[in-house]
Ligand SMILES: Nc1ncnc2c1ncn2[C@@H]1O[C@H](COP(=O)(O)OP(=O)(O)O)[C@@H](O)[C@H]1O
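One chain is shown next in structure tokens, namely the form predicted on its own.
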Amino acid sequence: MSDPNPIIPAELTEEHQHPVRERNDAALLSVRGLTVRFPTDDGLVNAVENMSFDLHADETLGIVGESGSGKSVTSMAILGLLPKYAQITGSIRFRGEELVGQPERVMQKVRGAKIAMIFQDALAALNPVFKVGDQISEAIATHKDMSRKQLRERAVELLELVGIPNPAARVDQYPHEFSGGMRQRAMIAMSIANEPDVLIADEPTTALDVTIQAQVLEVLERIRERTSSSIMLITHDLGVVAGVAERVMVMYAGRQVEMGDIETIFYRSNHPYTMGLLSSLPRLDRRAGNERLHRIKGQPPSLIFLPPGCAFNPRCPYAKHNVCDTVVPDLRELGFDHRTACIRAEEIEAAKETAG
């Protein structure tokens, strides 16, 4: 019998599936109707449109999409790091407290202590003229009253926790003396210094080779188990979240297009964009030869001049004239913990079942 879903990557075979943990129903972070726009000389940039999701305790949520899909803008909005000219509407609640519109003095108490971020470029994020240990100590001292000895001991402990060898010596070194993978680990150590409830990892494996990528993801998983932090893992690569996240949210052109648990997204996705991302992943079970990886035709749209109807319509192999180019699809329930923004989702699902 043929494979019922030819786009499933080999990495997520049954024996490699990430175990699904029981979830605490109380959401740590609750985003509702978040919309972010940036005024420019050419018009409004619609960076994020009507975004709604929950992040629960002891959960890893993967946020996936191409560059410009709104992933990082969402995370910056949560942390209150967007420029003053950004137009933000909607609600972002952390433990029931509203974050949108809070003054900087309030957000300073939230950032680092309750919600922390791992930036994608550790070399740019770390100050080259200060020792790594001093930078970690500063992150701790901002929120806690500790002696210099205690700060140093805590910095060494954190470097050891993220897997940096000989941390007692490395704590006195500068960022340029660390390898790329070690700098990323140091960034993780700084982010978890105050044991935040939510850890936002923005493309933490970008520019790292696959071996180091796997090590960094392993560190994140270990951190989560040790500290019980919830993680938002932002990436453009669905393969990265395959063995880490419980739930996945797929974004395109500033909108959510599909959301569900990891098994649903990888095995039963029915949004054409998600299906395209999955089919572009390399697979170990493909025969060697001249077979090329699938690519989604075209380019993402301008966020100033979005096409009418569904934003993915010009690139979609399932697009239907006078339907997909006129109606902006809402994210709607298709099953337990599965939502899709495609008006042809049921037709696509039926066609996949017939083909299988």
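Note that the coordinates shown come from a computational prediction; the quantities given were computed from them, not determined experimentally. All residue numbers refer to positions in the sequence shown, first residue = 1.
Same protein, other form: the form predicted in complex with the named molecule, not shown, and the subject of what follows.
Participant: Kindly indicate whether Phe130, Val171 and Tyr174 are, all three, within 4.5 angstroms of the named molecule in the predicted bound form, using heavy atoms.
Facilitator: Checked in the predicted bound form: no contact with the named molecule for any of the three.
Participant: Among 82-90, 111-119, 132-140, 241-249, which stretch has residues with heavy atoms no more than 4.5 Å from the named molecule in the predicted bound form?
Facilitator: Only one stretch qualifies here: 82-90.
Participant: If you check Val73, Ile192, Leu220, Leu159 against the named molecule in the predicted bound form, which one has a heavy atom within 4.5 Å?
Facilitator: It is Val73.
Participant: Only one of Asp54, Asp58, Asp325, Glu66 comes within 4.5 Å of the named molecule in the predicted bound form by heavy atoms, so just point that one out.
Facilitator: Partner contact (heavy atom, 4.5 Å) among the options: Glu66.
Participant: Taking the named molecule as it sits in the predicted bound form, is Tyr318 in contact with it (heavy atom to heavy atom, 4.5 Å or less)?
Facilitator: Looking in the predicted bound form, residue contacts with the named molecule do not include Tyr318, since no heavy atom lies within 4.5 Å.
Participant: Any of the heavy atoms of Val45 lying within 4.5 Å of the named molecule in the predicted bound form?
Facilitator: Val45: contacts the named molecule in the predicted bound form.
Participant: Considering non-hydrogen atoms and a 4.5 Å limit, does the named molecule approach Gln299 in the predicted bound form?
Facilitator: Gln299: no contact with the named molecule in the predicted bound form.
Participant: With heavy atoms only and a cut-off of 4.5 Å, decide whether Val31 touches the named molecule in the predicted bound form.
Facilitator: No, Val31 is distant from the partner.
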